[in-house]
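One chain comes next, on its own, written as structure tokens: the form predicted on its own.
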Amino acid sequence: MLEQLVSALVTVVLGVGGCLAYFYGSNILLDRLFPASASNDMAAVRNLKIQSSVRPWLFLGPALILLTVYLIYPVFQTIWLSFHDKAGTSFVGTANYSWAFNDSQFRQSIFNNFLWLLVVPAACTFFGLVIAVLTDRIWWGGLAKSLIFLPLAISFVGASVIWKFVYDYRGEGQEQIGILNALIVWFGGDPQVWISLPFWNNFFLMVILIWIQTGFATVILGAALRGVPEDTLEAATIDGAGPFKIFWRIMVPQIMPTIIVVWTTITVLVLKVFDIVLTMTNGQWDTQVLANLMFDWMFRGGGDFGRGAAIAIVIMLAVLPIMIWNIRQANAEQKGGH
């Protein structure tokens, strides 16, 4: 444990120190190569122009290189692999895509992802909105929001381990240590292996992501609600509108752009869900999702780069339209604000 902490500390120190040394050193080098105090005014003006042109790239350059190496290149490499065989050496055309859409496990994964898309973004947004409204009306609302936001600080794997204890099942006659089964037994019911129940086990896994992401929705929507003009709410109250009518007819329409942003952000996360399924069921009992299926084909059982890459492209194509729409919406709001 100590060795890991020391290794992490050294990595942070070297990383931060290296960045500082690069930016400081590159700017000094630029100033020396093109000094502003040149021998004549023309040279000084020229050097200042060169400095102003080059300096932004000193800051952007490393980020662009890293983006190219770790984001852009892998996209094109994945597309290339999706048209090749298991080893990634022989061209097979669209055979991997044909296999995918004719494979029962792939279709099951599509169905499960669709279920996640229907339930998780809607539930997170709804609960986040309700909690944001309620916590604004109580004196300890700040503490409540902090507690609700807390699961967001836990990794998906860590959260899954916590919920494994909630759903834990012990054999008949044994004491149930899982909270859910302990409650069922206490009320006189029979304990269940919740994560293996057909169809419903998907919803038990979704609860974990809803538990994590509701805090995110609460914070964002709470900030949006505080931006609703008070005079609008006061005018509605004077006109005799009740709390529910004010909420649905005035507050929700005014923060609708924020609701949509929260919804689409969680939607993108759901399309890429992987950790929870891997930790809880590893795709067993008909809980497989696309990201976990991609991992299985790419890295397990000898690996099949072609099929794994094809599934990765399907996920990317599903996420891409939502991301483009989100970016356009953000740009439109910025232009509207100006």
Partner chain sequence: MADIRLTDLNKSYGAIHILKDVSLDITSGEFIVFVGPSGCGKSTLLRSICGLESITSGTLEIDHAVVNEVPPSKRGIAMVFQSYALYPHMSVYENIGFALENQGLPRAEIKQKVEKVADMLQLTPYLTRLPKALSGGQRQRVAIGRAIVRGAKVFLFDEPLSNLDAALRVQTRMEIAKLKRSMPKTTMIYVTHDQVEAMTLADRIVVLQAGRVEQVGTPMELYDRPANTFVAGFIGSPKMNLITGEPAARHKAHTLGVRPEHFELSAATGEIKGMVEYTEVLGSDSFLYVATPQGLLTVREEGKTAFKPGDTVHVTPAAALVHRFGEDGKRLA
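The structure displayed is predicted, hence computed values, not measured ones. Positions refer to the first chain, counted from 1.
Another form, the form predicted together with the partner chain, is not on view; read the next lines as being about it.
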Evaluate Ala123 for contact with the partner chain in the predicted complex, applying a 4.5 angstroms cut-off between non-hydrogen atoms, and reply yes or no. no
Notebook entry, point to check: Taking heavy atoms and a 4.5 Å cut-off, does Gln254 contact the partner chain in the predicted complex?
Noted result: yes
Taking the partner chain as it sits in the predicted complex, is Arg249 in contact with it (heavy atom to heavy atom, 4.5 Å or less)? yes
| Non-hydrogen atom contact Asp190 with the partner chain in the predicted complex at 4.5 angstroms | no
Of Ile260, Ala241, Leu118, Ala95, the only residue with a heavy atom within 4.5 Å of the partner chain in the predicted complex is Ala241
Students should find that, of Lys86, Lys164, Arg107, Lys245, the residue having a non-hydrogen atom no more than 4.5 angstroms from the partner chain in the predicted complex is Lys245
Applying a 4.5 angstroms cut-off on non-hydrogen atoms, the residues of 209 to 233 near the partner chain in the predicted complex are Asp231, Thr232
